[in-house]
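One chain comes next, on its own, written out as structure tokens in the form predicted on its own.
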Amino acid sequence: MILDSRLEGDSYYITDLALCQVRLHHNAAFPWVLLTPQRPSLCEIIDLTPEDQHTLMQEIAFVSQIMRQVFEPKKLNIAALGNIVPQLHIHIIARYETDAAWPHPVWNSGITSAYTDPEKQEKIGLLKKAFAKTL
């Protein structure tokens, strides 16, 4: 799979699952991961084979459980937009009533924060540890 340069530049590698690569989104304002199916030239979920669609749903559920376990959010937001980056990718975002965008969507909220290197390494470490326990 060739990852769109914008996805690569906006995220940090966590792990590979059977279908998707999991990456931490660079916006530190929200615990946020991306799942990108490792198949070429996909824009929509319907571009996947039926088997891969099933696997994708399983991986979304699996990663959502990891996000719930690690970050204990009030709500998980799950979306596949692709309006700016057409390569198929799914956002899973942990949300809290205390986050700056609550209860509105994070998109176009203007709420952004950059990870310091120690913060980034801590989040990546937490996620990798959670995945290692279950994979």
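All figures in this text were calculated on a predicted structure; none of them were measured in a lab. Numbers for residues come from their place in the sequence shown, where the first is 1.
The next section is about a form of this same protein that is not shown, the form predicted together with another copy of the chain.
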| item | value |
| --- | --- |
| In the model of the complex, the one of 100, 28, 70, 45 near another copy of the chain [non-hydrogen atom within 4.5 angstroms] | 45 |
| Within 4.5 Å of another copy of the chain in the model of the complex, all of 5, 125 and 130 (non-hydrogen atom) | no |
| Residue contact check: residue 56 to another copy of the chain in the model of the complex, 4.5 Å heavy atom | yes |
| Distance check, residue 105 to another copy of the chain in the model of the complex, heavy atom within 4.5 Å | yes |
| Close approach of residue 75 to another copy of the chain in the model of the complex, 4.5 Å, heavy atom | yes |
| 4.5 Å heavy atom contact, residue 38 and another copy of the chain in the model of the complex | no |
| Residues of 66-99 having any heavy atom within 4.5 Å of another copy of the chain in the model of the complex, listed in sequence order | 68, 74, 75, 76, 77, 78, 79, 80, 81, 82, 83, 84, 95 |
